[in-house]
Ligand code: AMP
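Just one chain is shown here, as structure tokens, and it is the form predicted alone.
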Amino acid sequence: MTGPSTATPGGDAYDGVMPSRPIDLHTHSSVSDGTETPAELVAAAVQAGLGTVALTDHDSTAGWSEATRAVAGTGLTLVPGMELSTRLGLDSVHMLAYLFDPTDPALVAETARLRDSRLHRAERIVERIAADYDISWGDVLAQSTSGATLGRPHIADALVAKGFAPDRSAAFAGILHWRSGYYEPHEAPSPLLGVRLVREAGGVPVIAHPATRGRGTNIPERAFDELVEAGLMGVEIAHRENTDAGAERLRALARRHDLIVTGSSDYHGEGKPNRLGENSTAPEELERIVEAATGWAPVRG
């Protein structure tokens, strides 16, 4: 294991004992598009009664150190991770990556490129919106923290602050909807490349909420099989935005390929209605993730 296997700053390495409290493997901090710092997120997870929380900011590991320090003495287990942006055709496919080596050169280079792409995409979207609404790039920057992975959520927050939407969800349903005319896709690697990058960095790749709002057919069965052959290890099924029909299809695929099955909140603090622990992962599924990872170790506070 290239990451810490016995101790880490701010906490002790995972000792293999499965937690009895809820396990939430998908959350975001202010490092990407959450509203809480990594330390505040850890405190919120403790307050919510979680036993394990994964920090999975978009295309960034910048929050790992702060979260590791914050978890010390809490009794909470931290699973360092990331939500990697990938794209299949016109569809965005998010790849949760757990316990990988954050210094892996190929993954570091790709995530740096993704963050830069997100930034310039956001600038172009704001330029389009500004033609019809009184909003500037400075308004967007005011909604972010230094070093954050800037993107559409920060534009949504700026629209709310300027009074053009009542909340972030409404901004996405209206001005930021792809049908609004302001939308612009962003560059991202294929899911196949994403899986390979995560595996080569010693991590465990899990597709995030792939049946969101009826998108259960976004990944054709043949493409899904190719992802499994490349090293895909799991799928996030218990998620508030997965449709019932899509979740059932995912369960069938998970059984066929013996995939890890996760459930989580996709928590963003006040940025979304999602609540910590509203969906949970079974302890035995977390155990499979830990056993498969060779890049990093969970941290028990």
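Values in this document were obtained by computation on a predicted structure and should not be read as measured data. Quick note: we count residues from 1 along the sequence shown, nothing fancier.
Keep in mind that the form predicted together with this ligand is not shown, yet the notes after this line are about it.
- Interface residue among Y133, F224, Y182, F172, judged by heavy atoms within 4.5 Å of this ligand in the predicted complex: F172.
- Interface residue among P153, P80, G194, P210, judged by heavy atoms within 4.5 Å of this ligand in the predicted complex: P153.
- Heavy atoms of R249 never reach within 4.5 Å of this ligand in the predicted complex, leaving it off the interface.
- Remark: R121 counts among the residues lining this ligand in the predicted complex, judged by a heavy atom distance of 4.5 Å or less.
- This ligand is not drawn, but in the predicted complex it has no heavy atom within 4.5 Å of R69.
- Using a 4.5 angstroms limit between non-hydrogen atoms, R87 is distant from this ligand in the predicted complex.
- Residues within 4.5 angstroms of this ligand in the predicted complex, judged by any non-hydrogen atom, belong to 269 to 277 and to none of the other stretches in 60 to 68, 40 to 48, 251 to 259, 269 to 277.
- Contact annotation for the candidate site: D104, R115 and R199 all lie away from this ligand in the predicted complex (no heavy atom within 4.5 Å).
- Looking at 84 to 116, the one residue that comes within 4.5 Å of this ligand in the predicted complex, counting any heavy atom, is H94.
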